[in-house]
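This document starts with one chain, in the form predicted alone, laid out as structure tokens.
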């Protein structure tokens, strides 16, 4: 993997972890996009020969560390999400922006379902319905985030 691509991936993941833990007003916490999941799916769909399930596992594990959640909770759900993104990557690449956003929403919903399953299996409190709002916000954010990151990939000649 060329060095610039590795650094771009690590920097975007670092930014996503930072955005995940930035304090927000209590009313806005439920609207926080799934930054790390979006970054992982973007890189899997953009450079699938370099980023895959292992990267998704690593990103989920680091998300567990930075958020203080149960170690492996996000690693498991991100691994499954990464697998789905790898399998669907060629189809997603052909879709229009709104179709990509719907596909991303489905993938992120599966990630949330697995996280919810882990929470219930470990007797953690069940989140409120606002838990699902983040998937919709992430879906709405996807076209702009993907366009911004595609511009970065083009400018740095990473793909």
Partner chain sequence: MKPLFNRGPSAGVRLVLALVLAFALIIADLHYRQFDALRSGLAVTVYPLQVLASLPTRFAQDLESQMASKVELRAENERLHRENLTLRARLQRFASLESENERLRNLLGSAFKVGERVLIAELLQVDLDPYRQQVLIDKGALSGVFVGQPVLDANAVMGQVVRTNPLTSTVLLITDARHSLPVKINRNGLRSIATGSGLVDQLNLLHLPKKADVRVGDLLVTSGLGGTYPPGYPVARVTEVRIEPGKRFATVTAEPTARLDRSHEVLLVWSLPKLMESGVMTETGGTGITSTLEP
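The structure presented is a predicted model; accordingly, all values stated were derived computationally and were not measured. Numbering follows the first chain given and starts at 1.
What comes next is about the form predicted together with the partner chain, which is not displayed.
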{"query": "Non-hydrogen atom within 4.5 Å of the partner chain in the predicted bound form for each of 24, 57 and 118", "finding": "yes"}
{"query": "Contact residue in the predicted bound form, from 110, 92, 101, 62 (heavy atom within 4.5 Å of the partner chain)", "finding": "62"}
{"query": "Residue 136 within 4.5 Å of the partner chain in the predicted bound form, heavy atoms", "finding": "no"}
{"query": "Close approach of residue 88 to the partner chain in the predicted bound form, 4.5 Å, heavy atom", "finding": "no"}
{"query": "Close approach of residue 12 to the partner chain in the predicted bound form, 4.5 Å, heavy atom", "finding": "no"}
{"query": "is_contact(residue 18, the partner chain) in the predicted bound form, heavy atom dist at most 4.5 Å", "finding": "yes"}
{"query": "Stretch 50-86 - residues with a heavy atom within 4.5 Å of the partner chain in the predicted bound form", "finding": "53, 54, 57, 61, 62, 64, 65, 66, 67, 68, 69, 70, 71, 72, 73, 75, 76, 79, 80, 83, 86"}
